[in-house]
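Next comes just one chain, in structure tokens: the form predicted on its own.
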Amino acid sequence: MKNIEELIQKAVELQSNGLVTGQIANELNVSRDTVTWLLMRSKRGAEAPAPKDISVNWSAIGKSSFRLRYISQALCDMVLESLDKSDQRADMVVGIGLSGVPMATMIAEELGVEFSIFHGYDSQKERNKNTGIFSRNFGHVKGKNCIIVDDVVSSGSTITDVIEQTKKSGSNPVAIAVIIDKKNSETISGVPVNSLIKLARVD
């Protein structure tokens, strides 16, 4: 996306295709607040100042399995280094649907461990209920040491939900792996964050 107008147009297009705020935020790699602002601005020209957010387009990586494999290997290497420092081990990789799943699959294969998928919430109503769930069609996290994988950390709310649901399931989250961390976090809910890129605002 080159400018705000393109972001607004894409947000409106995604909404007209039936996506809700959370899904649009995931597609555009922006916060839910930013999606709300973009959609409001499309209707009447936003009076409120734009939220402080950064749009991330990593499709040049995502469209190539070759590039995605190398990014996944780099993340895997960072996670292994983190686990060595904390004297932890992992026996499960959890991919956050949709964008974290391809990398999580490759990391699980590289480590020779089980793989699970977490479906996050898509609407504000679901978000308030904290209703993300693990897919029953993949590995079960109970009793496992889990690496959590996603593409981008925006607010950290989805990863926080995964951590909470992982602990409720009787497992132990030991590391987080993402391509880009927009929060510039060392940890989220006490779990170390491993990112290829950390963004820090200077204003």
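For clarity, a rigid core is taken as the largest C-alpha set superposing within 1.5 Å between two forms. Quick caveat: nothing in here was measured; it's all calculated off a predicted structure. Heads up: residue numbers just count along the shown sequence, starting at 1.
One more form of this protein exists, namely the form predicted together with a small molecule; it is left out here, but the text below deals with it.
Using a 4.5 angstroms limit between non-hydrogen atoms, V113 is distant from the small molecule in the model of the complex. The small molecule in the model of the complex is approached by G97, whose closest heavy atom lies within 4.5 angstroms of it.
Proximity of N145 to the small molecule in the model of the complex: non-hydrogen atoms within 4.5 Å are absent; the residue sits far from the partner. Shown alone here, S42 lies farther than 4.5 Å from the small molecule in the model of the complex, counting heavy atoms only. With the partner removed from view, the residue among N172, Q165, S135, S157 that has a non-hydrogen atom within 4.5 Å of the small molecule in the model of the complex turns out to be S157.
Stretch 146 to 154 is the contacting one of 146 to 154, 62 to 70, 49 to 57, 33 to 41, since its residues have non-hydrogen atoms within 4.5 Å of the small molecule in the model of the complex. Once you line up the core between this form and the one not shown, the Cα of Q165 stays within less than 2 Å of where it was. The Cα shift for I24 between this form and the one not shown, taken after rigid core superposition, is 2 angstroms or larger.
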